Ligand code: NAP
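Next up: a single chain in structure tokens, the form predicted alone.
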Amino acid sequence: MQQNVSLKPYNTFGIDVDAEYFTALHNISQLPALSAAGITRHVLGGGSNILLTGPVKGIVIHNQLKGITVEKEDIDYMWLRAQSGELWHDVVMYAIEAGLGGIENLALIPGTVGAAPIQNIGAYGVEVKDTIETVDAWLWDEQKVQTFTNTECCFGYRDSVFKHSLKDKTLITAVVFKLSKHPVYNTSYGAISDELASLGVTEPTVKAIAHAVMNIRRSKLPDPKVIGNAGSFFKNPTIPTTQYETLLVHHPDMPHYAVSPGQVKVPAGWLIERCGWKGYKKGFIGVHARQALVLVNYGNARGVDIWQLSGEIVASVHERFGIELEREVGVW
């Protein structure tokens, strides 16, 4: 246990604030000692989906639980158990090298395995919920590990039970993924088909699709090692079809895609760009020049300033389109 540790190296925004206490978690045998009542705990994985707005009180637990193993397999599927401190992209690469399909569209998403079910990470027409079999989580109050089925996780768009009734009550220790030995490829979303064509790929494979996805992500999103950011800061809003049709009268080029009868999803990046925020810069904060969804730290930004900027963006989108953006990034 360390005191007054800078969290700058542990968050992709690169915000320099201190943790009152800091410890690394390497084994679940450490968890009972961290379960004392009255202690404020913050679980930190890759730090790629948080914004630190001030000194963090209590204990920051840096998840370093490691390991990827084969749980079981049959003629059609293989079940991989990944410890929650593993980097998500490493698990994707492990699956690809084994020829397993299901998560190749999620290549290069930053963060750790433990965050994947909490956030129900998704990209290019795929959500991780479609491959998760079970989630193991340490219950702080009960001081035991409990296994949650896919159904019990209550997955939604960038959502799960771990953001609601189980928020701050658990630490995810491992996730089991059910991956296919006979993949069905999803190449229709975004520019995957075009990128595959530019790579000269005529017969898709999990490796080729992952390669295409990584190329697309690198072309659109800034590298946190170069410019501090947490990827997409906002969720794509879902609105009633009737509202979309009304907006279409004044904004005939507004993109969308149907998500359910009577509802469509509108790209938040498009809305933000139309409000003039793309490429905005003031001091050390700004909106990325290539992707309006991404707020950035150009050097020594404060988390509170980035949060204020996000509020100004939310207000301007609501004023122009009547749509309320929801932040995707968590705040400490």
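Since we're looking at a predicted model, the values are computed, not measured. Throughout, we count residues from 1 along the sequence that is shown.
Here the subject shifts to the form predicted in complex with the ligand, a form of this protein not shown in this document.
Undergrad: The chain here is shown without the ligand. Which stretch in 201 to 209, 70 to 78, 246 to 254, 116 to 124 comes within 4.5 angstroms of it in the predicted complex, by heavy atom distance?
TA: Answer to the contact question: 116 to 124.
Undergrad: Sort through 66, 278, 265, 302 and report the residue having a heavy atom within 4.5 Å of the ligand in the predicted complex.
TA: Checked against the cut-off, the match is 265.
Undergrad: Between the options 181, 129, 178, 217, which residue brings a heavy atom to within 4.5 Å of the ligand in the predicted complex?
TA: Here the answer is residue option 217.
Undergrad: In the predicted complex, does each of 188, 221 and 230 have a heavy atom within 4.5 Å of the ligand?
TA: Judged in the predicted complex, 188, 221 and 230 all sit within 4.5 Å of the ligand.
Undergrad: Answer for residue 236 alone: is it within 4.5 Å of the ligand in the predicted complex, judged on heavy atom distances?
TA: Output for residue 236 is yes: heavy atoms within 4.5 Å of the ligand.
Undergrad: Counting only non-hydrogen atoms and a 4.5 angstroms cut-off, does residue 155 reach the ligand in the predicted complex?
TA: Residue 155: no, not in contact with the ligand in the predicted complex.
Undergrad: Is there a heavy atom of residue 291 no more than 4.5 Å from a heavy atom of the ligand in the predicted complex?
TA: Yes, residue 291 lies within 4.5 Å of the ligand in the predicted complex.
Undergrad: Going by heavy atoms, what in 81 to 100 lies within 4.5 angstroms of the ligand in the predicted complex?
TA: Not one residue comes within 4.5 Å of the partner.
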